[in-house]
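Let's start with one chain on its own, the form predicted alone, as structure tokens.
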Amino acid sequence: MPDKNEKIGFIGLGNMGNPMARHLSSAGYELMIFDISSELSSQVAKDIGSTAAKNLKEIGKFADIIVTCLPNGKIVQDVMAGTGKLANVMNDGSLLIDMSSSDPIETGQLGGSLRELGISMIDAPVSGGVKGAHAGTLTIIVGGDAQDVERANSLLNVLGGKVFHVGRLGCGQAMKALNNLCSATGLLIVAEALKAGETFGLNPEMMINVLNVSTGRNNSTENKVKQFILSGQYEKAGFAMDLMVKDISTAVSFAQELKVSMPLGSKAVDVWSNALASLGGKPDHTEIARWVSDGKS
């Protein structure tokens, strides 16, 4: 059961944040929400019976726990310490839960700055996509001090089917980035295999049937190829390619800072970056398969 004494501020009502905020409201949390789109904030607040904050200052003064679900860590930094200056108005003893996908090293630095202001922080990025956000079955990967994670635990369990405390602050972000590097590389090689097989004369759907009962199966063969790629319904996958490129670039970047060689990871980043530049606009990440199929790789 939620702690009724903890007031929650939720910032970021995009494809992921919107359903997550709805789950928290349904669970009984006293909730104030904020998005850069005031129209969206007002509409969601009306739908779920919460309060829309007029500005960051209002939500900062209201909340005991702030949850950020934003496109990237740079925006989180800007909200907390840049133009938003949210940290300056948050109450002493408040907790920040960053559920965005951010840089692990920058997350640690932000947490150190907040600690000086009496504010605790955990990072809690998620895996499971828009479908998982709607279903409340996200995998939540948490980094931070044990007492802060324990404080957030009931809230996180409302949003996710599985919650993993993987280490100190920043470890959640590191694990999320590495997970997406594995996912992106898996999807890329499946796309290349489908292209080669189809060119030889294999039926793509039959290829997936075989892969899914063989050692070549992965998340993409099971949950993406038939559903979004072979059906041509790429946009329904719900995860933008630029976000995938950001996450896998983060993984390779912090590995390089640690002097860990990632030749395959680096190559995957190069290919995905080329696909994003070639496709233009805001393609879904599954459109990497269309790019490969069209012979652009």
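Since the structure is predicted, the reported quantities are computational estimates derived from the model, not experimental observations. Throughout, we count residues from 1 along the sequence that is shown.
Keep in mind the form predicted together with a small molecule is missing from the figure; the text below concerns it.
- Look at 227-235, 22-30, 62-70, 264-272: in the predicted complex, residues with non-hydrogen atoms within 4.5 angstroms of the small molecule sit in 62-70.
- This chain lacks the partner; the member of Leu187, Val79, Leu181, Leu156 within 4.5 angstroms of the small molecule in the predicted complex by a non-hydrogen atom is Val79.
- Here is the short version: of Leu114, Met207, Val89, Ile75, the single residue with a heavy atom within 4.5 Å of the small molecule in the predicted complex is Ile75.
- Contact check for Gly14: a heavy atom falls within 4.5 Å of the small molecule in the predicted complex.
- Put simply, Phe239 is close to the small molecule in the predicted complex: some heavy atom of it is within 4.5 Å.
- Under a 4.5 angstroms non-hydrogen atom cutoff, the small molecule in the predicted complex lacks Ala255 among its neighbouring residues.
- At the 4.5 Å threshold, heavy atoms of Ala52 stay clear of the small molecule in the predicted complex, well away from it.
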